[in-house]
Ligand code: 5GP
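Single chain ahead, by itself, as structure tokens, in the form predicted on its own.
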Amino acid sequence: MLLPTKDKEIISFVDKFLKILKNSKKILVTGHKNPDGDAIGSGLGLYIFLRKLFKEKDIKIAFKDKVPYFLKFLPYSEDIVSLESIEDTFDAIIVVDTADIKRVGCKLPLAKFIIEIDHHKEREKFGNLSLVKSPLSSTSELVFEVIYLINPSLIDTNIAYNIYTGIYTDTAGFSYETVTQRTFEIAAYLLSKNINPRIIFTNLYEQNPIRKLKLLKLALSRIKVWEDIKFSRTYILLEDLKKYKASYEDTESFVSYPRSLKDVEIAAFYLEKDFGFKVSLRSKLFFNVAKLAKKFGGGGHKHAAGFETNIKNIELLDNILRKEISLSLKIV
């Protein structure tokens, strides 16, 4: 039997959280723009749970950007609407997996309370009530601890699919140091709710449209390596997306390919945007890419982070990153 967490901070948060929710008629769940598996998984897991817990309340879930095709298999993902389309005022807005209010991507609707649930270490607090635990595998694991404390009997197959997927994707298949014995105990509990891990894997990694593979061919051809600093990068341009009628979600996981190279520790993937580039950073073992991203106004985790820049020249971006990595390596 899985015992509830004894973490005093989580227990204290749950008491305050429930008081706010019980006095709220309209509740919104949201998270960061370009939502990934953890944002969607933790958000939907919480949304489904709250709908079961408070059947009489008006509860919505919204993100600025649409659900990526590889996450549309998740139960209740069809309930997610555009955050920019919402004009309501809420009693409480719960923001998951978001380290900075700007990461939501647009202005939040008006609300009496803003509640944060997150696992990012590098962050800017913005809520009236916050639960931030770092290091932790994922926001999905943290949401699980919260809802398991409140009412474990309400955790069904639909919730389990979302929470398990969030944990799985944010740990690269349970491969990061943030994975603990507790993480696996939670995963085992979720598996007991009749979820099929093969269905999750197949939807995440084996439903690719042909346009994604054509983009990947381009990205692989553009890989460049700097052996002296164990750094590699690749990129995709707006004209590439237009050519193949693709979108940002089709470039998911492209950063993993330069990281997979032998003797590479740090990898980057540049995705061109109207303003410049969105840069995804990854590391293998020792390098903290969250600290690197923070230097450019971004953030994330030790092995997975990112930032946005208005630099539009790839060679210039290469040079700036190489310089910062070289400086960091001297003090690592």
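Note that this is a predicted model, so its numbers are computed, not measured. The first residue of the shown sequence is 1; numbering continues from there.
The following text describes the form predicted in complex with the named molecule, which does not appear among the structures shown.
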**Study point:** Sole residue of V264, A304, A62, L271 within 4.5 Å of the named molecule in the predicted complex, by heavy atom
**Key:** A304
Review point. Tell me which of 273 to 281, 46 to 54, 23 to 31, 62 to 70 has residues with heavy atoms within 4.5 angstroms of the named molecule in the predicted complex?
Key: 273 to 281
**Study point:** H120: touches the named molecule in the predicted complex, heavy atom cutoff 4.5 angstroms
**Key:** yes
Check your understanding: Wondering, does R259 line up within 4.5 Å of the named molecule in the predicted complex on heavy atoms?
Key -> no
Review point. If you check in the predicted complex, is P35 within 4.5 Å of the named molecule, heavy atoms only?
Key: no
Exercise for review: May I ask you to state whether E308 is within 4.5 Å of the named molecule in the predicted complex, using heavy atom distances?
Suggested key: yes
Study note, to complete from the structure: Residues in 96 to 114 that come within 4.5 Å of the named molecule in the predicted complex by at least one heavy atom, in order, are R103
